[in-house]
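Only one chain is given next, in structure tokens, and it is the form predicted alone.
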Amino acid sequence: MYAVTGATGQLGRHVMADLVKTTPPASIIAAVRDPAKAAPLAAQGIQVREADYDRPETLEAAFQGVERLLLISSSAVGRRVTQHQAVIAAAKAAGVSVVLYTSLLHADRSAIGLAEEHRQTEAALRDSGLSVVLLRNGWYAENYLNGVSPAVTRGVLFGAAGDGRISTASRSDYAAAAAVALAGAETSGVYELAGDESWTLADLAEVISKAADKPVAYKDISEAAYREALIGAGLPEHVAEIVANADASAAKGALFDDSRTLSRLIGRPTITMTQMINAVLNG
């Protein structure tokens, strides 16, 4: 029996769509905070169980009979470690054999601020005695898509990544990898997952320019200035902090990986940024 936490979330729903292609729905559990939102999954024959990271009493029952569990990292930055520890404890109590966890690219040495909660979760998994597979996801290409149209409008793409190379992949790429790994037989291992291509923000500006048929230049600014610009553009302060910090870390190589582990795992090339930008601007 397989289970996926956060199965109705942005990544989880892609994982479920891929998993059901190769795995009988009756052997899949969608572990979700709000079962009502999982009605489409239930209609496919997938078992839906309540599993709220903030309500540990729901977790052990949700994991009963599960052999392989995909723990999709919480979106509650700042509260992730406590939430993940609750999942890990429940998984152990329920007799889960293998836990797969969506971590961060090179989490063990990453300078990105977000990495710390992933490192603590990885440590909790190691200490649990469970068999663990780490799926260390690189930066999502989608993280840049909201900035495409504004960049076209003003003719400038702002950032703080300097000439650091970024190896993005789409959410669907990472989901495909999670589905393959969950349905596989691996009981331990670390997968550093990133896109086949790497690019700088200057390269991204050029891609946007070509897709829009309008000049767009990259302007590199400080991390602090970029954070303020993002807040001015309407991002919540904590989100702006995360984005600006990631950019500054990318300048030091934190978002680069050329192993192509992801494309080998999913058996196809990762979706390119050019493809995604063209879809945003040209449909």
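When you see a residue number, it is the position in the sequence shown, counting from 1. Being a predicted model, the structure only gives us computed values, none of them experimental.
The form predicted in complex with a small molecule exists for this protein as well; it is not shown, and the discussion that follows is about that form.
Per-stretch contact check against the small molecule in the predicted complex, the hit in 221-229, 44-52, 22-30, 61-69 (non-hydrogen atom, 4.5 angstroms): Heavy-atom contact with the partner occurs in 44-52.
Leu262 near the small molecule in the predicted complex, any heavy atom under 4.5 Å? Result no; Leu262 lies far from the small molecule in the predicted complex.
At the 4.5 Å heavy atom threshold, is Lys37 in contact with the small molecule in the predicted complex? It does: once the small molecule is placed as it appears in the predicted complex, Lys37 has a heavy atom within 4.5 Å of it.
Using heavy atoms and a 4.5 Å limit, would one call Trp199 a contact residue for the small molecule in the predicted complex? Contact with the small molecule, no.
Are any of the heavy atoms in Ser73 no more than 4.5 Å from a heavy atom of the small molecule in the predicted complex? Yes, Ser73 lies within 4.5 Å of the small molecule in the predicted complex.
Would Gly6, Leu11 and Asn137 all count as contacting the small molecule in the predicted complex, using a 4.5 Å heavy atom cut-off? Spot residues vs the small molecule: full contact, yes.
Looking at Arg165, Arg119, Arg171, His106 here, can you tell me which has any non-hydrogen atom within 4.5 angstroms of the small molecule in the predicted complex? Filtering the options by heavy-atom distance leaves Arg171.
What is the one choice in Ser188, Thr82, Thr153, Asn143 with a heavy atom within 4.5 Å of the small molecule in the predicted complex? The option sitting close enough to the partner is Asn143.
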